[in-house]
Ligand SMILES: C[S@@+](CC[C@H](N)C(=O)[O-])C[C@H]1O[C@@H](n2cnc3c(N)ncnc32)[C@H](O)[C@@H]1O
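In structure tokens, one chain follows: the form predicted on its own.
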């Protein structure tokens, strides 16, 4: 059976997808950052810095790095705090214990609080965070609209969600070339780093199911966010979506 078809069968249902994603990221956790650097030629770091800049962090903000992976967004938030002399509180949440362990080791004593949590049901009180940041996690969520609603619940009034993920390029030629690149590169990188071509074939398969930046914006508006929009990067192959919880 072709790899994409086999993966598709495993992520058709929310429960199955959650288990597949957890097992996948557990298996790649030790080399996750290396893979991101290789596949994006290091550009993911620039995009994540841009995401944090768009968050417009202020003194005393409570920030959630959701689907944190190894916590690089949280580390960038703390770096911004150091540069601008801002006292910022960072919580990193992920549903994969192996990722949390790697994240704790790489965060060290920087001050990030790590929590096991799934976006379907976040373990936080209402209005806990001024900013929620997600790097390459939204596409992995099951029941996406419900997860956006759960994040909204945890945002303080006037708080902001910003998420960076793979996008759907608006130009057909670029879109075809992009999908062809992902189909090929994920197999090569998966084999080279993990000796398993299936490790990252999930990326193009999940992207095919992902609504993309425009539909995510509309979904956020439906759930109750305001001032929603998106910024396309690299011809729309990547995108940052954003929206605020109403202040009143």
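Residue numbers count along the first chain shown, from 1. Predicted model only: the values in this text are computed from it and were never measured.
The discussion below concerns the form predicted in complex with the named molecule, not included here.
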- Kindly indicate whether 96, 119 and 141 are, all three, within 4.5 angstroms of the named molecule in the predicted bound form, using heavy atoms. yes
- Query: Of the options 167, 135, 159, 103, which one has a non-hydrogen atom that comes within 4.5 Å of the named molecule in the predicted bound form?
  - Reply: 135
- Query: Taking the named molecule in the predicted bound form as the reference, which of 199, 36, 62, 206 has a non-hydrogen atom within 4.5 Å?
  - Reply: 36
- Query: Does the 4.5 Å heavy atom contact test between residue 238 and the named molecule in the predicted bound form come out positive?
  - Reply: no
- Query: Is there a heavy atom of residue 67 no more than 4.5 Å from a heavy atom of the named molecule in the predicted bound form?
  - Reply: yes
- Query: Is there a non-hydrogen atom of residue 228 within 4.5 angstroms of a non-hydrogen atom of the named molecule in the predicted bound form?
  - Reply: no
- Task: Give a yes or no for residue 187: in the predicted bound form, does one of its heavy atoms lie within 4.5 Å of a heavy atom belonging to the named molecule?
- Result: no
- Just one of 170-178, 124-132, 149-157, 87-95 has residues with a heavy atom within 4.5 Å of the named molecule in the predicted bound form, so point it out. 87-95
- When the named molecule is considered in the predicted bound form, the residues of 9-42 having a heavy atom within 4.5 Å of it are 21, 25, 32, 36
